[in-house]
Each structure stands twice: as structure tokens, then as C-alpha cells.
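Shown next as C-alpha cells: one chain only, the form predicted on its own.
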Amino acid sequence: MTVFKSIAIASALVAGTAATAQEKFITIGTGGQTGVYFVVGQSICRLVNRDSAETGLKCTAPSTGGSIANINAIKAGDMDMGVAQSDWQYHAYNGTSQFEGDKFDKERAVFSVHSEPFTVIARADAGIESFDDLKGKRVNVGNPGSGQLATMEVVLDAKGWSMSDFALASELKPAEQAAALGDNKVDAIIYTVGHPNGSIQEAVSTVDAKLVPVEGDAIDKLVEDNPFYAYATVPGGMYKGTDSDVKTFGVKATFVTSSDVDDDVVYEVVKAVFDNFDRFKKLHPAFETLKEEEMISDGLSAPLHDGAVKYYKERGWME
């Protein structure tokens, strides 16, 4: 009996060692800790890690600089996957805009997530009623590496403006900008983000502020010329100080990776999300209206990763 017990213990130790050897750690790039990107990455990891005993995958999702920083990290092999605005997914794969001459051929789409309106929040005492009123004001334009800063630069270019048109163009991170608005260090902040958003809730609860529409001929042309942009509306009543719907434009948050990442890894990550889809949708209010059929097609301009395609075909969502 003792001999058999010893053999059993030895076998268990060998099995445990083998299981440990098969563990694979994956890293997902997110964004600022007050933004929805951080919640996306944390939520995906939470679902992946529920099945770690079976899959061997261990997932972490640290806070990062955002879209462009995530894409560059994936390209460099420093991260396995990440969240990025649909426009920067497009530009990276096609080698355009900030990625001109630096095309990311191996970029692969996995799925899209929530819509992200380009959002302007202004102090009520700043005299800002439209985007054009930002001229000569103190504006937080977003931190380097973020999709919000890059999109702000696109909007300025479309309007024939530059950063010098502002009295101040600060580059604070999302976690810092609400306090800056409340402390009267800036007149307005820019955020490309899913709604409702905690940082914006914080801003409008500490100071009288409102959301400002972003519309006009230049925006119409941007939406018309670029398939990754679409008109968006932030519903009135979502934030204190903004009772009416606010029209703007926006992008989709997308989940991207590289063709260098193993098919099995991407398959298991996708499976963790869509096999637990109802659970995923409850992890943030911005996820409540998500639909599977839209997530596997909307806002995706890079080819789908083979691991994702395998899962979608198994579910009968693709031929």
C-alpha cells in the first residue's frame, strides 16, 4: 500500500511539473486605469484566468498609454494582445497616418468591443458651446501614445488648426484630467471613450461642466472619407450638466494581436469571452448592448487572426 501511495505521489508531482511547464503567460495592453480599455483588458483576463487549470493560460492586463502604445508593444513582441481604437488598427495595418513607413503587416483583428465617441467636456464657466470655441482655451488633448491624442490631431488637421491654436495644450493622462478640470487648470478635456465613463462622472461631479458637440463640415468629411469613423451620440441625462443628446463622431474599441501569437492562445482567449458572453456584458455598462455578430465584423480592418476564425466557425458565425 505504501509503495502504491509513493508511486501515486510521485506521479502527481510529475504531472504537476508537466502542467507547470505548460503554463503560458499572456499580456494584454489596455489604457489608463479610469478608462474603459483598462476594464476591457481586466475583464478578458478575468474570464481567461477562470479556465487556467484547463488551458494553462495566465493573463495579465496592465495599464498602458493606450491604442498606439499597445499596437507598438504588440509589434515589438512585448505584449501579446491589446485594445486599440478602430482607426489606429486601420492605420497600423495599412501603414498610414502615424504609421506611415512603419506598416504592421502581422497585425490581426480579434473582435471589436464598444463604441467610443470623441468626447469634449468643458467647464460651464469657460464659454464653450461648440468645438470651435476651444480656440484660445486651455485644453487637455491626451497623453502621448493614446488614441485620444492621435484622434485630436486628426480633428485639428481636418479643421486646419494646430496645437498652437490653444492657449494651453496639456498632455495629462485620463486619470489626471478630471482633477485638472475641477482645479481650473484647463477649460476643457478631450476623451475618446466608451460611455458611461468614471473619469467623466468624476469631472462633472466636482465642477459644473458639460459635454460639447463635435460637428460641422470638417467632421462630416472625416466620417465620409474614413470607414472606421461613424457619427455617435452621447445620450442626454447620462452626465450631470448635460440634459440633451450630444452629437459627435467616434470609433470602435477593438481587440488586436499579431499573427506571431499562437492560434491556440487566441482561440482560448476568444472562447473565454464568448462562452461567457452574458458574464462579460455585466462587467461594465458600456458592454451591455454588445452583440456577437457586430463584434466579429464592425470596426475590423486588419485580417482576423486564424485562432479567432477557428472559434467563429465552430459557433457557426462564419462559413
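Quick note: we count residues from 1 along the sequence shown, nothing fancier. What you see is a predicted model, and the numbers here were worked out from it, not measured in a lab.
What comes next is about the form predicted together with ligand GLU, which is not displayed.
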Based on heavy atom distances of 4.5 Å or less, which listed stretch (225-233, 142-150, 102-110, 240-248) is in contact with ligand GLU in the model of the complex? 142-150
How about Val193: is it within 4.5 Å of ligand GLU in the model of the complex, going by heavy atoms? yes
Would you classify Thr254 as touching ligand GLU in the model of the complex, given a 4.5 Å non-hydrogen atom cut-off? no
Heavy atom to heavy atom, is Gly56 within 4.5 Å of ligand GLU in the model of the complex? no
With the partner left out of view, is Val270 within 4.5 angstroms of ligand GLU in the model of the complex by any non-hydrogen atom? no
Stretch 65-103: residues contacting ligand GLU in the model of the complex, 4.5 Å heavy atom cut-off: Gly65, Gly66, Ser67, Gln85
